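One chain comes next, on its own, written out as C-alpha cells in the form predicted alone.
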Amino acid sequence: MNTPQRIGIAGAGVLGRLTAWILARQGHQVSVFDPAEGPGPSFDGQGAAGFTAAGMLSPLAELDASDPDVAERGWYSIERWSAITASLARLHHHAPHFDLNGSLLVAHGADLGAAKRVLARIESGASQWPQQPQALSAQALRELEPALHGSAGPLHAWLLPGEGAICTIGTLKALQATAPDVQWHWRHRVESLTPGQLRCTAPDPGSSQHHDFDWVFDLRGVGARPATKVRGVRGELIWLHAPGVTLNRPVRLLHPRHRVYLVPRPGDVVVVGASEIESEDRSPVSLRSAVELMAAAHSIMPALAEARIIRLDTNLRPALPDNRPEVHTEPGLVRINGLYRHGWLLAPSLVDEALTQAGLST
C-alpha cells in the first residue's frame, strides 16, 4: 500500500509504540492515544505493562510452558529486535541495551529432579531448531558467570544459546522519541473504537472526542475490555543496584515452586522477577513475594547481599483465555492482544503479521 494512510492507535505500550514507529517510518500519518500522563514510566501499576518487564528474549526457556509456535515467533522477533535496536542506536543518542549472550538455567542440587523435567520439556519442544540447551560443568559456569554459585553447594547449569535481553524502558523511550511526526495524545483514554473510528475522553473533565481514520489499531492490552476477553496476570519486579557485581546474561532459577529470574541491566542494575501470578491486583509488592524473590536470587548469587533495593514494581500482563496471542484484522480495524508474559518476545512478530494482513507492510 503506497498511499499514506491515516492511522489511529489505541495504546502506547510496546505494541503501540512499535507499530507507530514502523508505520510512521513508512510515511503514514499516525496518532497514538493513551491515558498515561506522558511517555515515561509511572511505576505505580497503572502504566504500560511493557515498562514492568525484564525484557528477556527467551524462545527456548519459554518452551517449558508454551507451544513451539511461541518459540518460532520468538526467534523471528529476536532478529527483528536486533535490526530495530540498531536503527534506534543510529537515531537516538541514548541507544537501548540489547544483547544476545544466551541465557542460563540453574538449579540447586536438591532440585535437580524438577530441573530435569523442565529440561525434557524444553528439549522436546526445541527438537526442530539447532539451538539446544547445553549442560555446563561447574568450571564452565564459573568462567561464564563467576558470581553465580549455590548457597548450599554447586549449581547445576545449562546454557541456552541465542537467547538475549533488551532494555525495556530504554527501548520504549527510544521508540517514542524517534517515531517521525507521530502525534502522541497523552491523558486520552479510548472509550470505544470501530473500524476507522475512535472515541476517547480528553483531559478536560467530561469532554470526549471522536476521530476518523483509515485504520484503527486496538493495542490496549487489559484496557481493551470489554470488547476483548482479556484478563490481567500480575507480574512483579524488584530492581536492585549492585555495584561491583557482574552478571553477563539472564538467569532463571529452576525451582519446584518459584519461577524466578535475574536479568542484568546497564548501570550495575539487576532485575529480579516472577513471571506470573493469577491475580488482577495492582497493589504494591507484598512482603511474602519480596522475601521469596530476593531469597531465591540471593541463594544463587550471594554477592547480591549488599545490593540496594531501587524499587518494587507491579503491573498486569494481558492474557486471553487460552494464554495465546491473537491478531484480528478486518477492513479499517486491527486488534492485537494476549501477549501474556511474552510481550517483548512476541511483539515484532505479531506487529509484522498484523501489518501484512492489513496490507500496510512494505
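Position 1 is the first residue in the sequence shown; the rest follow in order. For clarity, every value in this text was computed on a predicted model and none was experimentally measured.
Although not depicted, the form predicted together with a small molecule is the subject of the following passage.
- Query: Is every one of A61, G102 and G170 within 4.5 Å of the small molecule in the predicted bound form, counting heavy atoms?
  - Reply: Not a single residue of the candidate spot has a heavy atom within 4.5 Å of the small molecule in the predicted bound form.
- Report whether the minimum heavy atom distance between V30 and the small molecule in the predicted bound form is within 4.5 Å. V30 lies outside the contact set for the small molecule.
- Task: Examine F213 and determine whether its closest non-hydrogen atom to the small molecule in the predicted bound form is within 4.5 angstroms.
- Result: Outside the cut-off, so no.
- Quick one: is T52 in contact with the small molecule in the predicted bound form, heavy atoms, 4.5 Å cut-off? T52: contacts the small molecule in the predicted bound form.
- May I ask you to state whether V190 is within 4.5 Å of the small molecule in the predicted bound form, using heavy atom distances? Yes.
- Where, among 141-149, 72-80, 105-113, 182-190, do residues come within 4.5 Å of the small molecule in the predicted bound form by heavy atom distance? Of the options, only 182-190 has residues within 4.5 Å of the partner.
- Which residue among P96, G125, P264, G223 has a heavy atom within 4.5 angstroms of the small molecule in the predicted bound form? Looking at P96, G125, P264, G223 one by one, just G223 meets the 4.5 Å heavy-atom criterion.
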